[in-house]
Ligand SMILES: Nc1ncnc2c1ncn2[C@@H]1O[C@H](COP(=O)(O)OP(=O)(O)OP(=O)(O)O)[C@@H](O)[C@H]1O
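Just one chain is shown here, as structure tokens, and it is the form predicted on its own.
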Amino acid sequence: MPVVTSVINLKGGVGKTTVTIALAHYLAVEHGQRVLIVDLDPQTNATISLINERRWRERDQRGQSLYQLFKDWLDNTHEFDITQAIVPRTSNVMGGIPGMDLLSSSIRLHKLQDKITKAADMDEFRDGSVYTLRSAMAPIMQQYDHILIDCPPNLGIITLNGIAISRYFLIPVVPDILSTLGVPLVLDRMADFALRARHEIYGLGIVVSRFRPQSRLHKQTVQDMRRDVIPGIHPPVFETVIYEASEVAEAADIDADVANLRQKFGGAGPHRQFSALAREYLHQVSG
């Protein structure tokens, strides 16, 4: 079975999608892993970082996005086909990376979230609403070594579909007060869901993202986070720290052809950091 990890934070702007996309690239290219990125976020940032907008819109209109999957659940229809929805060889690195695939999101998921929540059994999940994604993905799970799920900044029913198939969750944070305050809430909600859904899921770790080394607050916050970790209660803080860099933001430009990961993510600094993150991630999930 693949290693399935949800990447989540209840606050936006913490580098969640960047961490997901970069981790997928480095696992696939540097470690030869077969990786599927599942974009559950209606903002579609991961999707349009991996395929161009025209291609995404065409696929979305043909029912080849997660919008169709959740619409099927609401309408009791069966239009979604997981084998058609998977986008193979994504990215603009080397014309597309073999073994790095995408299950794309849709901005139309915004329209469904409230309807799904109202129709779902949010106490015991006996209606299967939280297992819609798991059921759809069952035929293709064995094709991958790793599945990375880019979750929305909430714990609604669509996010819980990702959590329900995950063995682990990863929390990217910017080392400031607002970003780190959300971590205990994520941990509490994960524990509550695990209990109600009878599903084991483990906090793999916290990844410090968009770190500014010149910031006294950032440095002090990272020190405090590492000091306050209680083994067995709080997930560890990854040793790898992702620095804030303009080149990382520019990596989302899917229309610019690039030859390698260093060119994609920008220079020696970000390249080394994301490479180290992938190595540390592999060490954590194999430990």
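What you see is a predicted model; the values in this text were computed from it and never measured. Numbering starts at 1 and follows the sequence shown.
Not on display, but discussed next: the form predicted in complex with this ligand.
Asks: Exactly one stretch in 37-45, 256-264, 54-62, 220-228 has heavy atoms within 4.5 Å of this ligand in the predicted complex; which is it?
Replies: Careful reading of the contacts points to 37-45.
Asks: Using heavy atoms and a 4.5 Å cut-off, decide whether 128, 193 and 199 all contact this ligand in the predicted complex.
Replies: Judged in the predicted complex, none of 128, 193 and 199 sits within 4.5 Å of this ligand.
Asks: Counting only non-hydrogen atoms and a 4.5 angstroms cut-off, does residue 25 reach this ligand in the predicted complex?
Replies: Contact with this ligand, no.
Asks: Check residue 269 for me: does it contact this ligand in the predicted complex (non-hydrogen atoms, 4.5 angstroms)?
Replies: No, no contact at 4.5 Å.
Asks: So, in the predicted complex, is residue 245 in contact with this ligand at a 4.5 angstroms heavy atom limit?
Replies: Yes.
Asks: Determine whether any heavy atom of residue 146 comes within 4.5 Å of a heavy atom of this ligand in the predicted complex, and answer yes or no.
Replies: No, residue 146 is distant from the partner.
Asks: Note which of 182, 99, 205, 153 lies within 4.5 Å of this ligand in the predicted complex, where distance is taken over heavy atoms; exactly one does.
Replies: Residue within 4.5 Å of the partner: 153.
Asks: Can you tell me which bits of 1-21 touch this ligand in the predicted complex, meaning any heavy atom within 4.5 Å?
Replies: Result: 11, 12, 13, 14, 15, 16, 17, 18.
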